[in-house]
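Below, in structure tokens: the form predicted on its own, a single chain.
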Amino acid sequence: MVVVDGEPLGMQDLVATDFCDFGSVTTFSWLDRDARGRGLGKEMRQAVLHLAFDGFGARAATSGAFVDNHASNRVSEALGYQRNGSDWATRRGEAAELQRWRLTRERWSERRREDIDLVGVAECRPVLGLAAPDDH
């Protein structure tokens, strides 16, 4: 959940399937319309990418946004994601085109922020079936 000044304004998901085999995660977020345009979407994504790459040792992250969601697509581009094809999804009962994005660990490292602290990740790793950082 994303909370600013005590107000819940959005959410950021981090999802993986067979992470131990593939090392890949997918991010998804939603931000209240009134909170958009303030840089929160970029902050949210940077935080969850830090968790994925630094905390969990991910090798790649993917994301997607409808082609007309210019703000979300700009966030992906600004954070170093590269275009990775397109797909279709249902939006409000209608088919809509998605732009897919992919970010490698190496590209993330080039833009990595040093002001994000992870707390409690080591304790979560065994619960998620992840080896200690030195073991991956």
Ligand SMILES: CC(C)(COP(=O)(O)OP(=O)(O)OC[C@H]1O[C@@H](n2cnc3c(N)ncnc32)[C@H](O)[C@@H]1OP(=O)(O)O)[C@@H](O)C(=O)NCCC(=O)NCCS
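As the structure is a prediction and not an experimental result, all values here were calculated from the model. Numbering starts at 1 and follows the sequence shown.
Another form exists, predicted together with this ligand; not displayed. Remarks below refer to it.
Item to check | Within 4.5 Å of this ligand in the predicted complex, all of Ser29, Gly39 and Ala71 (non-hydrogen atom) | outcome: All three within 4.5 Å in the predicted complex.
Checklist entry - Though only this chain appears here, would Gly64 touch this ligand in the predicted complex if you measure heavy atom gaps against 4.5 Å? => result Yes - in the predicted complex, heavy atoms of Gly64 and this ligand come within 4.5 Å of each other.
Checklist entry - Within a 4.5 Å heavy atom cut-off, is Ala35 in contact with this ligand in the predicted complex? => result Heavy-atom contact with this ligand at 4.5 Å: present for Ala35.
Item to check | Distance check, Ala78 to this ligand in the predicted complex, heavy atom within 4.5 Å | outcome: Ala78: contacts this ligand in the predicted complex.
Item to check | Partner-proximal stretch of 80 to 88, 104 to 112, 52 to 60, 39 to 47 relative to this ligand in the predicted complex, 4.5 angstroms, heavy atom | outcome: That would be 39 to 47.
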